[in-house]
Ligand SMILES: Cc1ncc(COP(=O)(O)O)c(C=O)c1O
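Next up: a single chain in structure tokens, the form predicted on its own.
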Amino acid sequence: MDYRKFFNTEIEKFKDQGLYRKFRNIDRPIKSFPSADEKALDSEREVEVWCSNDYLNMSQHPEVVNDIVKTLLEYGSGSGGTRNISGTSTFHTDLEAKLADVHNKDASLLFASAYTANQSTLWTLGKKIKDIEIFSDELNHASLIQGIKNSGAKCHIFRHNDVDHLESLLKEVKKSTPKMIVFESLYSMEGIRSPIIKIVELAKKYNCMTYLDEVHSVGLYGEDGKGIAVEMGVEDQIDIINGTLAKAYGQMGGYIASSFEIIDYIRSFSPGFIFTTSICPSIAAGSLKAIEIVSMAEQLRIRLKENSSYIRQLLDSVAIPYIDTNSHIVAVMVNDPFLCKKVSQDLIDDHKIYAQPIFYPTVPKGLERLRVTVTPKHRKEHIDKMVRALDKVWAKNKLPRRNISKISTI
């Protein structure tokens, strides 16, 4: 077999479909965000970042940075190994206790990433619980899907947020059969919430475990930023909650929060936990500080909500199509992979606005978009500039608008 030819041919096919990804080198100096530096081999330019998952800018918060540097200088850069071989420190155990408190759970367990936490936990449960059947929302994150697939457990996929379809699938399975419903509280590519209360009711009715991904909710919603499950008052009825340190908390790593029994079980049987080097003590220290700040940062959450509402008002005024939600995620719909890339390129070339194009497999084919995220550090003038730029790029590329009679100038 000509291996090189195989790889080149596959990449060319990928490019022909408009699905090939290019990555930009974006350096984000602390003092200038949302302005950042894009660096190429022979050039450098200042751009505005509009697609960061650092939702509350905690990665650049001076107290967080100071705690990371202090810990780094005192304890070094690495953790020393896996959790069972030298890789457990007081920073790790303190952080797990804090995360359990965030979700009002007995305990939590740290992983190298939220992807690993999802994949490893679902693999372990699906593999170890005999004859378990899993019910998964069709728009679940790749990490959830991969964990379920790897487990080999029987999986039923229900239409996105369709509780009637979910119940029809549950009815077909014996009540005595072990079951688990896997879903997200806030879907990251749409900004749409799940009907979490109704799903919990179905879980009770049909004797199911529940696994909830709160990655894009933690720190941003609910009392003290504890997430949507806490906001809706159902966290005690969710068996396992998955979260991340890499978004609202601005660090890296992921975790699950649950009962003592479930956490001890995953800790004891999950290869993705047992055989992975633990996160750096400095990152754990920074995460502890970020959680402390975020828990008291109601003004940041209010500002984020106000900014999100304002950008939607402006998008409405120029009839730019987007998925209308009340979350901090604004999905601007282009619905073509080549045009989506073109819009992104025009934004950065003509207006120095950086918004990464999103296409398959992250979203279904034909639903390509710009996933715009506004942060508390984006001021009114930044939002005005962003929507003006979108308006011009939309016109330049002759893209369809909605309610075109209502277009105004901003």
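Computed from a predicted structure; not experimentally measured. The first residue of the sequence shown is number 1, and the count goes up from there.
There is another form of this protein, the form predicted in complex with the ligand, and it is not shown here; the text below is about that form.
In the model of the complex, every residue of the candidate spot (S113, H216 and A246) has a heavy atom lying within 4.5 Å of the ligand. Listed stretches are 85-93, 152-160, 115-123, 67-75; the contact stretch with the ligand in the model of the complex is 115-123, by a heavy atom cutoff of 4.5 Å. For R193, no non-hydrogen atom is located within 4.5 Å of the ligand in the model of the complex, even though that partner is not displayed. In the model of the complex, the ligand lies within 4.5 Å of some heavy atom of H141. Using a 4.5 angstroms limit between non-hydrogen atoms, S188 touches the ligand in the model of the complex. With a 4.5 Å cutoff on heavy atoms, G253 counts as touching the ligand in the model of the complex.
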